[in-house]
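Before any questions on how it binds or moves, here is one chain, the form predicted alone, in structure tokens.
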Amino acid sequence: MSTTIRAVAPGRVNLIGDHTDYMGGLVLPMAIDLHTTVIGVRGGDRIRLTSAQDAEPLDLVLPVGDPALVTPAWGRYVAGVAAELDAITVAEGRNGVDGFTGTVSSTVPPGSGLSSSAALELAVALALGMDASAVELATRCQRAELAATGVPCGIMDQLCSAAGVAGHALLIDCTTLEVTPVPDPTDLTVWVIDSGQPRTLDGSAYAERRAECEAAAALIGPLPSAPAEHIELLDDELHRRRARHVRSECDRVRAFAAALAADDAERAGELMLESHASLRDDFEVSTPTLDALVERLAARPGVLGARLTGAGFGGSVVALTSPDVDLTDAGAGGRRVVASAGAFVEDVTDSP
């Protein structure tokens, strides 16, 4: 009897700390109760997957060539992961990654800024047999995404999905990759609100923003720890604003974690609004749609703070509220989310 494998990986919402991970800064996301699931059997020389979210199936011959050329487009993430795993097995003197036949389903909405791609990558990696620590799993899947899309993403999404802890957000140092669970306050609720403006990083200004930050860092050193006075001495006004966001956002992440620990909900909400303003003004990754949604949410009773979440350019807004607030009617639809455990794989051969 063939062993039936089920691999599950959560999406994530970032409470605070965007466009800091690829500069080695601090982030504070949480894995959420929206998941991507891959079920099937290992074996053979092809990866055959059907997706509940996409009509076109994937039939991928192994070994993978260029993941960026694979069709359908969602299969590029699968191909990137397969190429990473193939490199591991060959380096270990084995014959390459085994194939897989099965299905993909997901409750993580694509284009929402909730890391649907990272969830897919991790679920596929576990389904194909990657046995590694959360950090190594995340690092491999980060490289897979770069190979699939060409987008130089940071490691936050993959590491949050891999290392998620139920009932906790994660304070992540993206230089050391140290992960510190931060308990969720029991008297606060996290909502994700769809802005109605889909986004993809491929084709956005994401890579441009990273290049601008790297140019500033080449002049004054690592931005997360750059003295404010050094940032203000940068000759290029655009580089000043990009650097100012990264440094101030890392400071806000620390302050937000401290506010949660002190049960200071009001301060946590203020920091979220400050973060959004920085992403809007200094980093220029917000949109009029996101700005209007944050403004409307901030004016509602019981909403403590709100900000765009993820890379921006569309997607979702995250809001922190008192428990009695209902945001299901906000934006294009709101959803209450809770902190989830990280990705896992199991044998379900004999399950009903």
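Just so we're clear, the structure is a prediction, and the values are computed from it rather than from any experiment. Numbering starts at 1 and runs along the sequence shown.
Here the subject shifts to the form predicted in complex with alpha-D-galactopyranose (GLA), a form of this protein not shown in this document.
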query	finding
One residue of Gly342, Gly24, Gly331, Gly17 in contact with alpha-D-galactopyranose (GLA), assessed in the predicted complex (non-hydrogen atom, 4.5 angstroms)	Gly17
Answer option from Gly310, Pro67, Gly40, Gly314, heavy atom within 4.5 Å of alpha-D-galactopyranose (GLA) in the predicted complex	Gly310
Exercise: Tyr206 in contact with alpha-D-galactopyranose (GLA) in the predicted complex, heavy atom 4.5 Å	yes
Contact label in the predicted complex: Gly269 to alpha-D-galactopyranose (GLA), heavy atom within 4.5 Å	no
Contact label in the predicted complex: Pro224 to alpha-D-galactopyranose (GLA), heavy atom within 4.5 Å	no
Distance check, Met156 to alpha-D-galactopyranose (GLA) in the predicted complex, heavy atom within 4.5 Å	yes
One stretch from 127-135, 148-156, 93-101, 71-79 that, in the predicted complex, holds residues within 4.5 Å of alpha-D-galactopyranose (GLA) by heavy atom	148-156
